[in-house]
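Next up: just one chain, as structure tokens, the form predicted alone.
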């Protein structure tokens, strides 16, 4: 009975915390701070998307910056050239990115893990060159500017325009919460458990009847779709896209977010995205140093903290639980009784 009450309090606390998030802008007057928070929300979507294949399926991609760019450019081209709104561009960006993700996954996932990394690296480089050189479509090195803001939301006499950074926050927060919900539904489904089985032992999963290749391609496609959604939101948030944003460094940044926060963890994606977004802004003037630091962080996390920050929390929680058990055991034995766990 106490366990059910505890879970009930946790759910109520979670609901109140989420509700409080919507009122966060009321306490922030600095537009730059609000800009950083909005970027964090976009990067959380990217981190969630990449973690679906890195953390839950055990595959590594360093080309997800390209999927991010595809989503952004699709939205930018449709918004600038055809005058389409975010509500049209967003699903189209997701569809196009998912389709390309399916094609890349279908080809790349037939390779062993080391060659998959090289294949996604090559894909990211090719897409970046397309952004850079297809001037008639992408604007070349200058990119595309003047991307329209999302249309004003009207509910009766109430109007909600998108003018300041504060105005975008509720929209981005809703999509992040939706992304978290979709991620939870996926990882707790039979499909998600199949992906986890593949991550743990691909041969054993295949022996259990799991269609390994099909499952990996499906998860890769969903992962790309997350990046497409983030790209569309990014384009309409900043009103400009350029090739330099989606170069190789972006893919490394997203992977670093997953590695630092902790693979296979929604909270880890949030933590990693927050840390890396803030550090990116701090190191904006020294991009070479930023990439060096990110590379070192990935090496350090792989060598010493393979489960990331959330992994450290889990280890600390496990040790604390063991200490409590030992303390209870010692107290019981002191009374001359036997201890049963």
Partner chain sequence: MFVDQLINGIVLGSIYALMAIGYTMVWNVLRFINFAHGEVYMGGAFVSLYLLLLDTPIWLAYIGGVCAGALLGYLMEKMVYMRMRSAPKLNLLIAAIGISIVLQNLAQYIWGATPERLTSPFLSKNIAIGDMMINQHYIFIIILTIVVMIALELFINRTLMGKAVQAASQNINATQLMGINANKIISITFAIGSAVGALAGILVGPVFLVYPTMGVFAGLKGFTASVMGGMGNIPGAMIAGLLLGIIESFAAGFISSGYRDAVAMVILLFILLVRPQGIFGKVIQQKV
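Residue numbers count along the first chain shown, from 1. Small disclaimer: the values here were computed from a predicted structure and weren't measured.
Only in words, not in the display: the form predicted together with the partner chain, which the text now covers.
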My question is simply whether residue 155 lines the interface with the partner chain in the model of the complex - judged by any non-hydrogen atom within 4.5 Å. no
Is residue 159 close enough to the partner chain in the model of the complex to count, meaning some heavy atom within 4.5 Å? no
Non-hydrogen atom contact residue 202 with the partner chain in the model of the complex at 4.5 angstroms: yes
Check residue 224 for me: does it contact the partner chain in the model of the complex (non-hydrogen atoms, 4.5 angstroms)? no
Within 4.5 Å of the partner chain in the model of the complex: all of 85, 149 and 260, by heavy atom? no
Residues from 231-253 in contact with the partner chain (non-hydrogen atom within 4.5 Å) in the model of the complex: 252
